[in-house]
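This document opens with one chain alone, in structure tokens, the form predicted alone.
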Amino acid sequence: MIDSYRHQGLRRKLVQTIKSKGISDDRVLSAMEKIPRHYFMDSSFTEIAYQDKPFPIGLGQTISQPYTVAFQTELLKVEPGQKVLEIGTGSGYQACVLVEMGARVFSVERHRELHRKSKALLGQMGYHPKLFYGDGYEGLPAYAPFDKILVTAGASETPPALLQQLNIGGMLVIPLGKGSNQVMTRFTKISENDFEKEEFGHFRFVPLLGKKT
């Protein structure tokens, strides 16, 4: 696994692009500048790895556009030491960003092959979030509650289990809507049964699926 000066230069340029689009959280930008995004893609796609674009990773899934990763992460307001649940491990890239920011990360993936690949890759890279093969709709009740929950696939509705598994004061960031166009939504848990809901524009995600494969 090689992270050359050229790779690092491309990564700095990508971070500047993201910053120019309105991402202002220096901790998010710093984390993304450290992580070699090309490790998550075939070696022949190095140039594409540092473009601000999503890319297929197999099984109908994608590694999200870097701007989208930064946007969701910024909305989550992660603080060091917080317990964060990610729904949809995918390539593992987003989990690495959260780990770099000092979070204690738990991540669930419904595709067994992606779960295995991301677990192997992140271990090689020296990242050790807790990775699970399972149904994201159910969250991880055995490990709840969580300070923050991030969903990296589009959901037609908010999974009730995820809201239940938030701490009071915790936040859930989830793309909501039917089809391939969703509204980025943030829920803040005010009390056991009350939530503040905020919306932050339209994004395009692969669908959140329940049944494991």
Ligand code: SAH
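Numbering starts at 1 and runs along the sequence shown. Bear in mind the structure is a predicted one, so any value in this text is a computation, not a measurement.
If you look for the form predicted in complex with this ligand, you will not find it shown, but the lines that follow are about it.
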Only one of Q61, T185, T158, T46 has a non-hydrogen atom within 4.5 angstroms of this ligand in the predicted complex; which is it? Q61
With this ligand left out of view, which of L122, V99, I87, V78 would have a heavy atom within 4.5 Å of it in the predicted complex? I87
With heavy atoms only and a cut-off of 4.5 Å, decide whether Y127 touches this ligand in the predicted complex. no
Contact label in the predicted complex: F71 to this ligand, heavy atom within 4.5 Å: no
Contact test in the predicted complex: L176 vs this ligand, heavy atoms, 4.5 Å: no
Is G134 part of the interface with this ligand in the predicted complex - any heavy atom within 4.5 Å? yes
Decide yes or no: are V15, M41 and P66 jointly within 4.5 Å of this ligand in the predicted complex, with each residue judged by its heavy atoms? no
So which stretch, 165-173, 46-54, 23-31, 150-158, is the one near this ligand in the predicted complex (non-hydrogen atoms, 4.5 Å)? 150-158
Residues from 92-114 in contact with this ligand (non-hydrogen atom within 4.5 Å) in the predicted complex: G92, Y93, Q94, V108, E109, R110, H111, L114
